[in-house]
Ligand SMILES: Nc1nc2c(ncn2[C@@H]2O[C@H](COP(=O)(O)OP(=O)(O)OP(=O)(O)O)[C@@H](O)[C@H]2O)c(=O)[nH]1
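Let's start with one chain on its own, the form predicted on its own, as structure tokens.
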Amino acid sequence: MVENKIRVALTGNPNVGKTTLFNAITGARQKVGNWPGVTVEKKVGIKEYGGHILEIVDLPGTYSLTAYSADEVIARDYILEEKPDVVIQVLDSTNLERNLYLSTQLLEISTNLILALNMSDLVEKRGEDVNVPTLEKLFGISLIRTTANEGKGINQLLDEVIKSGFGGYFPNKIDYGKKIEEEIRHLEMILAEDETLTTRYPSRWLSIKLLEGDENVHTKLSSLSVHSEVKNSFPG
């Protein structure tokens, strides 16, 4: 991070109001192009707020950090390789269960994560509520209610970005049970033999993706000396 600049990645499932939030924050101060090598649109905006310059990247919509499409590869690789100072995940407050799967994956790669509970007005109109204190305690991160199309909650969200932007990354761990955890540790030991690799990517996250059969991760390892040992860890 340079001086008072904070790099922010905006991510979330498709159709959660992510781009509406991006537009509400950046206004006319945005550039539109394409991501290198693909026709997927790239949007970057600037917001001066609280004495800081916020550079905000609107990532393609994604349901998970498992790469099934070009959009998902772009979103995942940007977060993992560019390491933005803050990641804001925009959630549809009316459909949290589907949205929180991505949240757990973002936490597992040690992102400095803030959750924006968008469409909060629709939840209120239903006479329902989201237990924000419980979710914050469960995830150990901040949740901010927003209604992007009305500009509500934007300042509170940006206040949290500034507060979080200088806090650094922190590890989060989901326990997958004894057997799977043993497999994860075994793969981590193999991956640790390549220091360049584990500097770029969290070894635990790589191990989990290998166990999931993530072909994009296997491709990332294919030219490395550890790949043959990794392949031998999977019988058949």
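Residue indices: 1-based, along the sequence shown. The structure presented is a predicted model; accordingly, all values stated were derived computationally and were not measured.
What comes next is about the form predicted in complex with the named molecule, which does not appear here.
> Which one of Val87, Ala75, Leu158, Met119 is close to the named molecule in the model of the complex, taking close to mean a heavy atom within 4.5 Å?
Contact residue from the list: Met119.
> Which among 100-108, 143-151, 78-86, 130-138 is in contact with the named molecule in the model of the complex, heavy atoms within 4.5 angstroms?
In the other structure, the partner sits against 143-151.
> Do Pro14 and the named molecule share at least one heavy atom pair within 4.5 Å in the model of the complex?
Although the named molecule is absent here, Pro14 would touch it in the model of the complex, with heavy atoms inside 4.5 Å.
> Does at least one non-hydrogen atom of Gly61 fall within 4.5 angstroms of the named molecule in the model of the complex?
Gly61: yes, in contact with the named molecule in the model of the complex.
> Heavy atom within 4.5 Å of the named molecule in the model of the complex: which residues of 81-110 qualify?
Result: empty, none.
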